[in-house]
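Below you will find one chain, with nothing else, as structure tokens; this is the form predicted alone, and questions on how it binds or moves follow later.
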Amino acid sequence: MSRALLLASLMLLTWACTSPPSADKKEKSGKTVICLLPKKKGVPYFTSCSVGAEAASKDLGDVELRYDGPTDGSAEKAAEMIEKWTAKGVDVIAVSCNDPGALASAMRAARAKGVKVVTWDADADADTREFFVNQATPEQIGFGLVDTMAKDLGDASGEVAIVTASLTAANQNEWIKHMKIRMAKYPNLRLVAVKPSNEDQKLAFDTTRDLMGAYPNLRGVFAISSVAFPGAAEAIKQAGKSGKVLVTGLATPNDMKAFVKDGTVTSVLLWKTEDLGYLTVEVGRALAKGELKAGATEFESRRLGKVKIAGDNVLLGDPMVFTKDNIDQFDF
């Protein structure tokens, strides 16, 4: 073989060994690769969930966790991330769905490629995923919100409004459905409006301010996302209506402590967010390993012990209520 031909052969071999793998070739890291997709990256609620997810990946030892999501909450960008991870051949994609319709195609395509898809925090159509890691049942959350408002109002009467995340959020629409059912127990509570805040705290502030202007007799606001709740509370506080217009909802204790202590908020509902992230990673790994299959009725968690599975919903447990008496005991 001539010197020139030998040199060309060596260069070709070097290129073949160092060139990047095909985008649709499955990654080989030796670990179960789990991608955790929040509705909106940078929100304290989802950041807290990611802390629990990271803890699970370390405890399990054979999981590589990738946490990423759109910083603006864009469903289109979330779909692009799912498509990117699918092309890389990751093992599991866990999705918190802000718009199930917009994400459905990418999620179905991921499953068709052999990627295990689960939802967490917010669900999607059943055929787009295998399990939903559910923080609590919609009934538990919806009933809990209404019962808490009724208790905080004292006489369980008056006009109330809901500030939700978005009108396409499947989980919050389910909560609202059960909130309306539960209101039948309190016939003197009258729901006057349901408004979106699009996971934007400033918009939640403006929406709550506008609701108080449109309904002078408004007595309560349900702010049912972790971004909407502090925005709504700040609007009520700045309007000088703390204690006159009550606000309750779902948010991390750290986001609401100041409002609880100054009397703007009486009760905060939520679950242990780190536990939700932890359980999601455990479920994803078990699914990828073939240790969790359809029809299971319970799941063994390292941190939580046995948790129930209802159909295809892995249930974290009952929501918690934080008040001035216990909120300082929690740091998330």
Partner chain sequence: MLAVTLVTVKCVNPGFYEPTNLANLGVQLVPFAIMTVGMTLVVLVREIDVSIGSLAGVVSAVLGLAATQDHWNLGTGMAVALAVATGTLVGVVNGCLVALMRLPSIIVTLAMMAVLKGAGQILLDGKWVSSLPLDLRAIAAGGVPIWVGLAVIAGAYAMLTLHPWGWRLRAVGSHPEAAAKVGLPLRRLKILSFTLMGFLTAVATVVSVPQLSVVESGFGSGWELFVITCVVLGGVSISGGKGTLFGALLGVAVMGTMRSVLVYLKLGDQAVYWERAIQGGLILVAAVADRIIALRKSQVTTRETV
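This one's a predicted model, so the numbers in the text were calculated from it and none came from an experiment. Positions refer to the first chain, counted from 1. Definition used throughout: the rigid core is the maximal C-alpha set that superposes within 1.5 Å between two forms.
Separately, the form predicted together with its partner chain exists; it is not shown, and the next lines address it.
- Proximity to its partner chain in the predicted complex, defined as a heavy atom within 4.5 Å, singles out one entry of D200, E130, E139, D152, which is D200.
- The partner is absent here; in the predicted complex, the one residue of I236, V118, L211, A165 having a heavy atom within 4.5 Å of its partner chain is L211.
- Only one of 252-260, 181-189, 144-152, 131-139 places residue heavy atoms within 4.5 angstroms of its partner chain in the predicted complex, namely 252-260.
- In the predicted complex, every residue of the candidate spot (P196, T207 and S226) has a heavy atom lying within 4.5 Å of its partner chain.
- Contact check for G220: no non-hydrogen atom falls within 4.5 Å of its partner chain in the predicted complex.
- Heavy atoms of S301 never reach within 4.5 Å of its partner chain in the predicted complex, leaving it off the interface.
- T266 falls outside the set of residues with a heavy atom inside 4.5 Å of its partner chain in the predicted complex.
- When its partner chain is considered in the predicted complex, G305 lies well away from it, no heavy atom lying within 4.5 Å.
- Residues of 31-45 that come within 4.5 Å of its partner chain in the predicted complex, judged by any heavy atom, are G42, V43, P44 in sequence order.
- The rigid-core alignment places the CA of S225 2 Å or more apart between the shown form and the other one.
- D125: CA moves less than 2 Å between the shown form and the other one after rigid-core fitting.
- Remark: with the core as the superposition reference, the CA shift of D72 between the shown form and the other one stays below 2 Å.
- Inter-residue distance, A75 to E174 (Cα): reduced by at least 3 Å in the predicted complex versus the depicted form.
- In comparison with the shown form, the Cα-Cα distance of N313 and S166 increases by at least 3 angstroms in the predicted complex.
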